[in-house]
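A single chain, nothing else alongside it, follows as structure tokens in the form predicted on its own.
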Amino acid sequence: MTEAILLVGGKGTRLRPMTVHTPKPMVPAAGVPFLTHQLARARAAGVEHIVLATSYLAEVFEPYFGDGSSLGLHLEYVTEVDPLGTGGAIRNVASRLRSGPDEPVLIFNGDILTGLDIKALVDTHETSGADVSLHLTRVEDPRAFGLVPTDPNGRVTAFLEKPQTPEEIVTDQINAGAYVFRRSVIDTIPAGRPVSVERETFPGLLADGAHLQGMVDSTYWLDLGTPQAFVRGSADLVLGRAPSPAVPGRRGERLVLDGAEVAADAKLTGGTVVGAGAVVGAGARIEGSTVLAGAVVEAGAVVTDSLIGERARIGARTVLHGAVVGDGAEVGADNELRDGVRIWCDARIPDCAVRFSSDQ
């Protein structure tokens, strides 16, 4: 297998309140745009040619990644005029593929951070003789997901909608968003209209007697569809829990990029990232958070599981927990912001304006 399709879909808009001008795959995670980790992992697995199927703000990807040569890849870009869904996006880029009819094509999702063994998925596909192979993962609570049961040999037997009752939970296996398609199968997807692989392509193939193989790989897996999950994923990359050859530095409790200034007595833990040109003041404590380029965290601030946008400023002794502070926003001193609060880009919160705990 030498080529792949990377689906960069519209779900990234869920991060817009955080950083209006940057689509999610380009927001730095562990120091580089998140998409870099996806591309680097594919290259490490032997992929050489990747087609990016994009549906929003596509104009930002090509200027940054170019032809992919800096990553050892050849990249091409195809942009949907109208939203086509997962299956439609795959079919829309078929003309750019170079594989023969029986050769495998890797397809993976730009919103998923995973430790999937890509080579093992390809090996499973080839040894089983499948038409399509799916990465499956196990989750503790599958009620929010469609279920994918398999037989003892790993062959997929059904695609089930989100279970509504305990009796409908027949497996804890879910579709994890990475596939290997036989090249000829891609051409059977209807062209020019929206198609969902989950609701139309896969059930249709199964009904027609195609061989769909599941490979359960329950290593690291995280859907980055929310700001909180994105921050968690960045921290896990720094900590080494999520693998990537693109992290620009040693794994550990912190990643401080060139040009950042961190006071000697500031404490950075939990996979915290401090971007280029950012400043962390004396006595500040930051855990499991991302501080983007040019941001300032003043003395004594306490920041946990939060994202601080580019050029934002966090005042002295302010407490953030599970917060997202947009680009250019200013949060004054002695505030307390918790539990999913989002501060819009360029907003201003004065000193001593917000708190959650009591006055005691």
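Don't overthink the numbering: it's just position in the shown sequence, from 1. These figures come from a predicted structure and were not determined experimentally. C-alpha atoms forming the largest set that superposes within 1.5 Å between two forms make up the rigid core.
Another form, the form predicted together with a small molecule, is not on view; read the next lines as being about it.
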Original post:
So in the model of the complex, are 123, 149 and 201 all sitting within 4.5 Å of the small molecule, heavy atoms only?
Top reply: no
**OP:** Mind telling me which stretch in 211-219, 98-106, 80-88, 265-273 gets its heavy atoms within 4.5 Å of the small molecule in the model of the complex?
**Re:** 80-88
**OP:** Flag residue 258 as yes or no: does it have a non-hydrogen atom within 4.5 angstroms of any non-hydrogen atom of the small molecule in the model of the complex?
**Re:** no
Original post:
Taking the shortest heavy atom distance, is residue 223 within 4.5 Å of the small molecule in the model of the complex?
Top reply: yes
**OP:** Check whether residue 335 has any heavy atom within 4.5 Å of a heavy atom of the small molecule in the model of the complex, and answer yes or no.
**Re:** no
Original post:
Does residue 244 reach the small molecule in the model of the complex, with heavy atoms at most 4.5 Å apart?
Top reply: no
Original post:
Of these, 29, 295, 53, 323, which has a heavy atom no more than 4.5 Å from the small molecule in the model of the complex?
Top reply: 53
Original post:
Out of 111, 236, 287, 131, which one falls within 4.5 Å of the small molecule in the model of the complex, going by heavy atoms?
Top reply: 111
Original post:
After fitting the rigid core, is the C-alpha of residue 163 off by 2 Å or more between this form and the one not shown?
Top reply: yes
